[in-house]
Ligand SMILES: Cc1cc2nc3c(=O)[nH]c(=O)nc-3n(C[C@H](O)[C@H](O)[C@H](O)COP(=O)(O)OP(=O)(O)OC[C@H]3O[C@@H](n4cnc5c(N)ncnc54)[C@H](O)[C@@H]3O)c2cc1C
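One chain comes next, on its own, written out as structure tokens in the form predicted alone.
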């Protein structure tokens, strides 16, 4: 959204193609506490405020899924599920995808007890027992959010200690209904018509037990989602787009902004900074600078 705003304000004709909700992962974050200008703000609200700036800038909005990017002379074809668009320059700002658990039962119960967004779906499990898988900031943030509305939360993590920042560890420690299940990994999600539990394996004893829950929330990290741009831009072994500090990629006229590119810090504020940088470099590219 930042890239679109900066590019439009520079006088360029801009089309913003989004397959989901404008704001991506930001919309699924309960509270944002480290974005300058706000002591605390809900993710959906920050997304909405940014989106209002996008619409005010006169950006053309398209709801579609990008399938591939192809070179067309000196321009590019953005091939989507519904239509194909031509562009003189392209800014890739597609973020990342959520990592799946890759265990039996996950696919069968996806959307029927298995969720990847506690803020989106947590209310469906109000007053019930749920499990959260993961040990990073997102997992502990999800556990704390669910701890406030669910009866019991089982926080399952493969290591003895969590990888999350200390403030998130302190947050879950304030809940009596959050039970730590460390040194365990999920092996199967079970149920019949509805999800009834999750099987976990103790990494120290190799024993397996079933924890009765109504919902499972996966928060095991993020993965790149750049198959649509394969062969156009250089990517790392992990699939992240290689670019310099100005978001310039290996392909002329193609820029990368936000979590999709190789970088050490993936935050909203750094994604916004990337968007502004990518838009400026796109403008200079189009002007032959």
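No experiment lies behind these values; they were computed from the predicted model shown. Numbering follows the first chain given and starts at 1.
Quick note: we don't show the form predicted in complex with the ligand, though the next part is all about it.
- Taking a 4.5 Å heavy atom cutoff to the ligand in the predicted bound form, the contact residue among 64, 244, 45, 70 is 64.
- Stretch 25-33 is the answer when you ask which of 25-33, 234-242, 51-59, 247-255 has residues with heavy atoms within 4.5 Å of the ligand in the predicted bound form.
- Remark: residue 213 does not count among the residues lining the ligand in the predicted bound form, judged by a heavy atom distance of 4.5 Å or less.
- Although the partner is absent here, residue 271 is a contact residue: one of its heavy atoms lies within 4.5 angstroms of the ligand in the predicted bound form.
- When contacts are judged by a 4.5 Å heavy atom cut-off, residue 181 does not count as touching the ligand in the predicted bound form.
- At a distance threshold of 4.5 angstroms between non-hydrogen atoms, residue 14 is out of contact with the ligand in the predicted bound form.
- Contacts between stretch 89-113 and the ligand, counted in the predicted bound form as any heavy atom lying within 4.5 Å, involve 93, 94, 95, 96, 98, listed in sequence order.
- In the predicted bound form, the Cα atoms of residue 31 and residue 121 sit 3 Å or more nearer to each other than they do here.
- The gap between the Cα atoms of residue 145 and residue 269 is smaller in the predicted bound form, by no less than 3 Å, than in this form.
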